[in-house]
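Given as structure tokens, the chain that follows is alone and in the form predicted alone.
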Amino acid sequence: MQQTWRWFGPKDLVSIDDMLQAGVEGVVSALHHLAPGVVWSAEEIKKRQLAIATRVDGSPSGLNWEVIESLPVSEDIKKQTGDWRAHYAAYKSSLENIADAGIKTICYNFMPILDWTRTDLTWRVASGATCMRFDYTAFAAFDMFILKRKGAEGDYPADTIELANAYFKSMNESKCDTLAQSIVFGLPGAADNYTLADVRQHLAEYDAISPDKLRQNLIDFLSDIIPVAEKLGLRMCCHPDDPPFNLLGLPRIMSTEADYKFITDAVDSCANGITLCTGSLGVRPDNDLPGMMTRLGSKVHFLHLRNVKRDTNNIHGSFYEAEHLGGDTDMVAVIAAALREEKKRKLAGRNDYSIPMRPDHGQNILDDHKRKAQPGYPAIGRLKGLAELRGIIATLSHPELSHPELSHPELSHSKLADRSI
């Protein structure tokens, strides 16, 4: 696996030099300052490539821009309203410029309005580290009593409404503002920053869009875009919903293995693939991450490796972002499945046999608390996660580890731990 690192550009408080010291092999970035629907020009792409290729002192970094995350899909495209046809054309022009720049892998998502949702960006765990958390009660309080979404009460069970009401009554104005800001934070570094009024307006525009309609809009988008991507030799990979269940009455269409299989079957192309995010998908207890990597592996173009710890095994529930080996997902089994997929690809002669991965998110530890980088993207916390993932990869790839378990999808962390090597 190619070990990559997300970078938000020159304003990122984690520098190119920092990631070099972390030992990464490539960079994941995007032109976040450009609004969705705008063409990514060759000049803007080259400018970002040059920034990635240069250390703080001006010397070469030796790093390349390997994965784009994200080439954003506009709300007009998702809803098929406004300038959506012009945005299709702009997207294809961006793909042409990206291909000319030599970048092959493009991550995107089709989540309505908000690209990810958390209720706390600096939740403290027992060790003193901080992380991002989604609290279902807090979110319900925001939805019903701060955003005051029409009909919100109908989306929650009676016990959640009671808890949310008590939670809201315990909050002062400052806490309400902090909760609202955390929830509408959206994509780090994005051009769009929503107010509550903006969210209400966007929600109203989705009133008539069912999950089936949104899914068809995605298929329409891919049917138009993927032939261009395939011709250009690009790999498109859709990121799952985060969290992978219904929020704010909005349709969610990329939350399960069945969702991914439907989309990849509907537009069957080597260019139409998956970003397998173990953090987003791992929020649902019914998502079998090692099995998904095994069954959908040929379509996985990008790996986000992070872990979450669920408060309950309900589909709708609270969770926090755990250490990379400390959550509910068996990361050893996921990586073993990914390594098996890479071996299959290499034997088949695929030139994309090495799957780019990045240590997705991380807890703030040590000097991360002083640096205050993008929420979820600390320097030391991600370095710790990358080191742990790197250790798993090195161990499972070692010739001394030739036990038969490595050929079985049922491989689990506990099974390996029980064996003497």
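The structure presented is a predicted model; accordingly, all values stated were derived computationally and were not measured. Just count from 1 along the sequence shown to find any residue number.
Same protein, other form: the form predicted in complex with D-mannose (DNO), not shown, and the subject of what follows.
Of the candidate stretches 65-73, 47-55, 380-388, 349-357, only 65-73 has residues with heavy atoms within 4.5 Å of D-mannose (DNO) in the predicted bound form. Checking C107, A129, A164, V199 for any heavy atom within 4.5 Å of D-mannose (DNO) in the predicted bound form turns up a single hit: C107. This chain lacks the partner; the member of W116, Y88, Y260, Y136 within 4.5 angstroms of D-mannose (DNO) in the predicted bound form by a non-hydrogen atom is W116. Taking the partner from elsewhere, H239 is found to have a heavy atom lying within 4.5 Å of D-mannose (DNO) in the predicted bound form.
Interface residue remark: M111 is counted as part of the site for D-mannose (DNO) in the predicted bound form, having a heavy atom within 4.5 Å. A residue is said to contact a partner when one of its heavy atoms sits within 4.5 Å of a partner heavy atom; R252 fails this definition for D-mannose (DNO) in the predicted bound form, lying far away. Interface membership of R284, defined by any non-hydrogen atom within 4.5 Å of D-mannose (DNO) in the predicted bound form, is ruled out.
Residue R6 is the only one in 1-37 with at least one heavy atom within 4.5 Å of D-mannose (DNO) in the predicted bound form.
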